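In the block that follows, a single chain appears as structure tokens, in the form predicted alone.
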């Protein structure tokens, strides 16, 4: 047993040696297979870069002006505001696919449909806080109104689904507990004769 533990480990496979070897590929190998169309060797790229850096220095990018930053922030805010509307078709298809029966899957889908817009409307200041500045505050009111409107559409979809499941009390029979019995105008009695 002691003799078997003293054996040297087997040599690594050839592919491991080739992978870790820092040697360049041989010229015979490189010449036998042509480069694919559009391939640029790394040596040509490096020589082109060294020529470009010698002649001209790369100018730093100009910082955007405050007006440009406000425009960019307003564009980003509109993207955030309209994002709930872009989710409406997907949510509508999901609500259609779950059916109108009371099952755990359909109930959880409806719960998530209500939870998302409500939390989004409650966190509206945090959502647009990093995009709002003193100069674009008036424009952000319209963006926030659109955001709330899109979330209200998602809530309306949830209400439609709950109504389709029969959970909304929309019929008179749903309110029978608060109905009073009618007083009859007259009574008719049948007395059998023996």
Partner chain sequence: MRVPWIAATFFLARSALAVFADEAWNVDYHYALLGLPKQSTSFFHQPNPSSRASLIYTLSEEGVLGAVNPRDGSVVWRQLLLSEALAYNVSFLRAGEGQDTVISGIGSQVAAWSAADGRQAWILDTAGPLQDVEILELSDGRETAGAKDAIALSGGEHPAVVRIDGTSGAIKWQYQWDGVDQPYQVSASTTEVFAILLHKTLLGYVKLKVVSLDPVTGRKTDEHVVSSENELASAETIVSVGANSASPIVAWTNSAHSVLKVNILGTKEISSFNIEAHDSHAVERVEIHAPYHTNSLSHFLVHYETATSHWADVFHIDLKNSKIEKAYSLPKMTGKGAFSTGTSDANVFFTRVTRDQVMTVSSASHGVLGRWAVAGFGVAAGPGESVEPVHAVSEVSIKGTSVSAVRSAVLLSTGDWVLLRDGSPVWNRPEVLASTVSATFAIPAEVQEFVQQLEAEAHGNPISAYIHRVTRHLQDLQKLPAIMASLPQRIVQGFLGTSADGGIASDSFGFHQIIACATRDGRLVALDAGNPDKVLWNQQVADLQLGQTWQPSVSSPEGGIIEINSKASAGVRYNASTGEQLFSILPIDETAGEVALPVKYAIHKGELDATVDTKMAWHFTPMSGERIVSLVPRPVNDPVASIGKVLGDRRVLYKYLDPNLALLVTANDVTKAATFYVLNTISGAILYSNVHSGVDLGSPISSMLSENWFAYSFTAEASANSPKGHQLVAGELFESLVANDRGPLSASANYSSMQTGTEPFTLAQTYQIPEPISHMAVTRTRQGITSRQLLAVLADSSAIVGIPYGVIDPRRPVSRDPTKDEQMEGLVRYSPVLDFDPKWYLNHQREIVGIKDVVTSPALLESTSLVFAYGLDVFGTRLSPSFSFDVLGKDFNKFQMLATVAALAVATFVVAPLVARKQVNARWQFA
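Note that the coordinates shown come from a computational prediction; the quantities given were computed from them, not determined experimentally. Residue numbers count along the first chain shown, from 1.
FYI, the form predicted in complex with its partner chain isn't displayed, but the following is about it.
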| item | value |
| --- | --- |
| Residue among 126, 166, 142, 34 with a heavy atom within 4.5 Å of its partner chain in the predicted bound form | 166 |
| Contact label in the predicted bound form: residue 188 to its partner chain, heavy atom within 4.5 Å | yes |
| Contact flag, residue 10 vs its partner chain in the predicted bound form, heavy atom cut 4.5 Å | no |
| Residue 17: touches its partner chain in the predicted bound form, heavy atom cutoff 4.5 angstroms | no |
| 4.5 Å heavy atom contact, residue 176 and its partner chain in the predicted bound form | yes |
